[in-house]
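First, one chain by itself: the form predicted on its own, in structure tokens.
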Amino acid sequence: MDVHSVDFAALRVLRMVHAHGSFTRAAEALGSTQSAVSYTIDRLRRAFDDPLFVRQGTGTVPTERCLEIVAEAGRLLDKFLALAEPRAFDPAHAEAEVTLSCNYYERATMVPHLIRNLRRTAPGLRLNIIASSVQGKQQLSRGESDLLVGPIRIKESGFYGRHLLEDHYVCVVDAQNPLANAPLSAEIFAATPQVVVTYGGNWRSSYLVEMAEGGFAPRVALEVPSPANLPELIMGTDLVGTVPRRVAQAYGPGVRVLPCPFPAAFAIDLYWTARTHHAPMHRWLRGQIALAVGAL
């Protein structure tokens, strides 16, 4: 097979198989079939005279040649997509969809301001929000999202970033809780029954890390995957919940917000890739995100 017959569509399939480590998952992400993905990889194997992917145990791993091709092909694809972007952008008449990867914190604090701005200035711009959990960087690199916002640090090449804000953890209790009228010491906080938000994954809130470093462990009475209905859970109980300050501010008057003995300051950053770095629409949208954060 002539290597000159390889097109960007085939290289995109190769990139997705590498990113997902699975022909099946790559097909699902591409909206294709496993047989179509396998056919494309077979074509690329003949073109590059390399197996590209080999079986290892129960999984599929890339060859050294495959890693080299994926790295170069990724840069080519991103540059090509950037070239295909319109050079001019008019928010009022734009018709496009942008995918933002984030989690509850960003949806509860930043996104409402962003949506109000977009409905006023760019009503034809559709925002698709997906949960990043602990997969945000992978979603961004695979092209499943255009933007990633969260408390993460990405130092690898190929990613661009912008600092958005700083926050820290606070405690929330029922307004009638005896603890509501005095600051919490580290000892009292650790001994009080707690609602711990796990965020549905292996990620640990930084206040728990700070507690462990100080030699303390929470007295866990309840674990939940999201802080969304925390006020209803602690209402009329002796439980204490610990969430970021801006999340607690959105809960309303039913709970009392107290300083946390382990505030564990963290940063929220915005990331994107070379694929959208120079695109006028995305430059404008990144500015809108900064404005939404400023409104906080």
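In this text, rigid core is short for the largest set of C-alphas that superpose within 1.5 Å between two forms. In case it trips you up, residue 1 is the first one in the sequence shown, and so on. The structure displayed is predicted, hence computed values, not measured ones.
Just so it is clear, the following notes concern the form predicted in complex with another copy of the chain, a form of the same protein that is not shown.
Of the stretches 33-41, 253-261, 238-246, 50-58, only 50-58 has residues with a heavy atom within 4.5 Å of another copy of the chain in the model of the complex. At a distance threshold of 4.5 angstroms between non-hydrogen atoms, Phe159 is out of contact with another copy of the chain in the model of the complex. Put simply, Ile130 is far from another copy of the chain in the model of the complex: not one heavy atom of it is within 4.5 Å. Taking the partner from the other structure, another copy of the chain in the model of the complex has no heavy atom within 4.5 Å of any heavy atom of Ile268. The closest non-hydrogen atom of Ile289 lies beyond 4.5 Å of another copy of the chain in the model of the complex. The contact with another copy of the chain in the model of the complex, taken as any heavy atom within 4.5 Å, belongs to Leu76 out of Val224, Leu76, Ile188, Val209. Taking another copy of the chain as positioned in the model of the complex, the residues of 4-30 that bring a heavy atom within 4.5 Å of it are, in sequence order, His4, Ser5, Val6, Asp7, Phe8, Ala9, Leu11, Arg12. Relative to the superposed rigid core, the position of the CA of Leu76 differs between the shown form and the other one by 2 Å or more. Relative to the superposed rigid core, the position of the CA of Val247 differs between the shown form and the other one by less than 2 Å. Superposition of the core reveals a Cα shift of less than 2 Å for Arg286 between the shown form and the other one.
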